[in-house]
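Laid out below as structure tokens are two forms of one and the same protein chain, each shown alone and named structure 1 and structure 2.
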Structure 1
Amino acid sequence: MKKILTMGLASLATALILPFAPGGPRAEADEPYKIGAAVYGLKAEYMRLWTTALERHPDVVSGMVDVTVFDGRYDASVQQSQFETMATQGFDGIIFVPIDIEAGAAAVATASMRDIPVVGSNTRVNSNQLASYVGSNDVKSGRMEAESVLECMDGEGNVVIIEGPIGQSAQIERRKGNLEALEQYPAVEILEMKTANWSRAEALALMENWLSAYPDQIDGVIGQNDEMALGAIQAIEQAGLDVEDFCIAGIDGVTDAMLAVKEDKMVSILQDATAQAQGALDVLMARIVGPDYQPKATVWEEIPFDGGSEAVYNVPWVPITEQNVDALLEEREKLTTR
């Protein structure tokens, strides 16, 4: 079962108690493990996919785990309040997808004071109190997407970079990867680099401004996520320009981006929401239950679980191509169909 809270100090509904055979000892053996998932926001498709995947983890479906999803509304102070709620209400563990790499450390400390283990997923937090992290290497993805744009441009011309929320780890690390790739192409100039906060609508407005400020000068668009790359495409089309005259890339593999890849409008890299969310719950449960816990996520077929003891688990990126896009869309349909 899953509950979604949008208020920082909202009261939790009384959980439905389902019987299960736990992997480790508990004070009340018939109660599910109470897990909170504090995500930075649920407006965009990727985090909704991540949340759905978490809800479909076998331990949640069986009733062994009761998950409450907290919508952080893209605000570090809201996430802090939600951690205080979980600490007060005695959650067994927390999966954390922070909006801010630095501010999130205080939230982790709040849980640590109550001996509640926290496993990070998808975005990082600078805290030595984090039990583990299950996500993907954002520096690598930033480099990969930029290289695809630069190669499409034949290594010369002008690019714009649309960034994620300033201060979030994905923005910081993807920018690092973007710039590492650009260093290898001295004939390419960055015209502008600004945030659109992972938002398609904000990226649309930003790209409209850039098309007016730099008429016929923009050759490439590096969007640090798919939503923003799609916003740029929309602005180009609304301006009556040909998308094929631009080299455009994004990251995440959201559904509309995969369809745009099929239409040869952009390049995208799949960030595996199921692997990250379900893998994070497995690692957290191993910390709570102990060595008898058996992980359920299929990601462990690709990377070693090691008893959930590793500090970092890097989920592989999957470039979306003409050859694999249809299969990926079929998998997406399974995840989004109730």
Structure 2
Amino acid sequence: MKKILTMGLASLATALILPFAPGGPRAEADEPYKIGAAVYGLKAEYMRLWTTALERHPDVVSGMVDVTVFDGRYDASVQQSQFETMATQGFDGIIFVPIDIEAGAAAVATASMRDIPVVGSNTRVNSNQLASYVGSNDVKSGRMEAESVLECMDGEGNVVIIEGPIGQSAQIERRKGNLEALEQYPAVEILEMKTANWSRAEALALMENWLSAYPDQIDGVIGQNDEMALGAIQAIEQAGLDVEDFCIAGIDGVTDAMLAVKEDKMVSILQDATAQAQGALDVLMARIVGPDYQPKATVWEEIPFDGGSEAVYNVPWVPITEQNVDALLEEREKLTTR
């Protein structure tokens, strides 16, 4: 409270002084909190959405928080050196989206040596020094998508599973969820399980080949992300088959998948980038500012904030349905307009 008051006064003072003294030294309390967001890479749609959502957090917009995004370029060692940079520059806190579940621990240790709190988001890291984690449970999404495919197949027939890059935490956990659901349906056979590395182009070729290898035998396609499910749809359409004869699911809720849900070609589960990014910042700020901090993310209407003290916050998955797809697309439009 005191800090906020001082900040208010200080900013009032600066507002009066600044126009006359541009570039002059600023009071310590007036300076925005310096938060670093170390994300594994900015090459895919999901992380772009996550970053945009973070930059639109009310505290960032108001100038209370100054966010710097560090692109980890899909390399654990790049992320490690970015943590070292942030530590030297005296960042107040870090939001961490690690590329690797194990290698990320060293980066967290670097920050905690300087008492910089680190909150994880979206992807997991095996570290007990992490202040908290705000993300979605991938095992659950894997189970949800597989269940929707299996229910759509009336519990019998053959499925193929298109996997993410083998060894990534999302692939491992989504596979676990996929197989958990499949165990409940003994009448369903898994014809093939193979990786297409999250890539639509790779999944397209893979599905084309499977359609040749198993003519008229594939009933369901479980894509561990949307891009690959979309590739499978493309293969089915180009083979002259009817997409409606297949039960197809993906995860993430990328824009193209929403459009495909709208056309009733697949089901998808939205991984809520806004909730993950803005929720993580709220939890981090609560650690820095203290219990007086008021969280701003809308996700706290669904799950309890608890003063930001929980070790893990599970952001719920949102199944995309024909009922909510238009609203979700509108929201997405807002997030992607430049």
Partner chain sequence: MPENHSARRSEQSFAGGRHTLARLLSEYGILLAFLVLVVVLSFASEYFLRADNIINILRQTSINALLAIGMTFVILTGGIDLSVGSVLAFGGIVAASLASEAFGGGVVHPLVALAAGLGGGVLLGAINGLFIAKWRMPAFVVTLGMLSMGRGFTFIYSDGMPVPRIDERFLVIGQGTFLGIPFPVLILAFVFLVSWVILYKTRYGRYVYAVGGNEKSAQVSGVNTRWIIFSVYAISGFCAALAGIILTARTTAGLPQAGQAYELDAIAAVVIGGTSLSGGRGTLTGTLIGALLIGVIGNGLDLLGVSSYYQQVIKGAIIIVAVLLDSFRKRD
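The first residue in the sequence of structure 1 is number 1, and each one after it adds one. So that the term is clear: the rigid core is the largest set of C-alpha atoms that superpose within 1.5 Å between two forms. A quick note: this is a predicted structure, and the numbers were derived from the prediction, not measured.
**Q** Two forms of the same chain here; which is the form predicted in complex with the partner chain?
**A** Looking at both copies of the chain, structure 2 is the one that matches the description.
**Q** Please report, as a whole number of degrees, the rotation of the smaller rigid part relative to the larger part between structure 1 and structure 2.
**A** From C-alpha superpositions, the smaller part turns by 14 degrees.
**Q** Give the C-alpha shift of M193 between structure 1 and structure 2, in Å, after superposing the two forms on their rigid core.
**A** Residue shift at the C-alpha: 4.0 Å.
**Q** Please state the CA displacement of G220 between structure 1 and structure 2 in angstrom, with both forms fitted on the core.
**A** Shift of G220 at C-alpha, rigid core superposed: 4.0 Å.
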